[in-house]
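In the form predicted on its own, a lone chain appears below as structure tokens.
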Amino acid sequence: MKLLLDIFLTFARIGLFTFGGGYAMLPMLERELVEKKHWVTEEDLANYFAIGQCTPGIIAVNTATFTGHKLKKIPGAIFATLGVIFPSVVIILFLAAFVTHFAEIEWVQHAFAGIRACVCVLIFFSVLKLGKKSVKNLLTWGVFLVVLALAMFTNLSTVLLVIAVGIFGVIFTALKERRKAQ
């Protein structure tokens, strides 16, 4: 029960102090889950983000669910998921009562503009950090550049891109193993 409470409180803290959605949560998730708690590896976290990107739901919630499941199966998944969404639900209920009255105030609009700019920076640094760990050789650079071009210049679904690259990875690895065996 102690670990379940720790899971809930850790994800509640992450949910409370991270603004901007799943990508903005990446630095805090890395710090809390990988560096402090040692609950998951950097590779686990990158995998959870990749899977979370192509499954229904919010990336941060999916990542919390995967992490909780790794630690304590179904109860861990439930506590982690509830923990990460709890602060948002409370804050949204509070804001819903008041934000419509304040949204038109000029200083509130400026505050939101500043927050959005800050979130962009957080996401940018998360992408750089994740990229350094994921794009390591000529093959991964090629995959990165092809997917980047497809994402920027076509209307292909990100889910389809992730699935296609996953299939490519399986086929490439199978061919590589087959060559080794010969």
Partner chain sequence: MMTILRLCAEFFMTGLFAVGGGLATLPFLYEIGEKTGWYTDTDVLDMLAISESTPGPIGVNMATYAGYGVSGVPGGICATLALVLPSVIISVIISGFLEKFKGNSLVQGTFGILRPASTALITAAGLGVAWKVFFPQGLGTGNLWNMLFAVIDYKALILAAVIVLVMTFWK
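Positions refer to the first chain, counted from 1. The term rigid core refers to the maximal set of C-alpha atoms that superpose within 1.5 Å between the two forms. On a predicted model such as this, the values are computed, not experimentally measured, just so you know.
The same protein also exists as the form predicted together with the partner chain; that form is not shown, yet it is the one meant from here on.
Mapping the unseen interface onto this chain, residue 37 falls outside it, with no heavy atom inside 4.5 Å of the partner chain in the predicted complex.
Among residues of the shown chain, residue 60 is one whose heavy atoms approach the partner chain to within 4.5 Å in the predicted complex. Interface membership of residue 50, defined by any non-hydrogen atom within 4.5 Å of the partner chain in the predicted complex, is confirmed.
In the predicted complex, the partner chain lies farther than 4.5 Å from every heavy atom of residue 9. Contacts of stretch 148 to 182 with the partner chain in the predicted complex, defined by any heavy atom lying within 4.5 Å, are made by 148, 151, 152, 158, 159, 161, 162, 165, 166, 168, 169, 170, 172, 173, 174, 177, listed in sequence order. With a cut-off of 2 Å and the rigid core superposed, residue 31 has a Cα displacement that falls short of the cut-off between this form and the one not shown.
Residue displacement note: residue 92 has its CA displaced by under 2 Å between this form and the one not shown (rigid core superposed).
Residue 110 is among the residues whose C-alpha shifts by 2 Å or more between this form and the one not shown once the rigid core is aligned.
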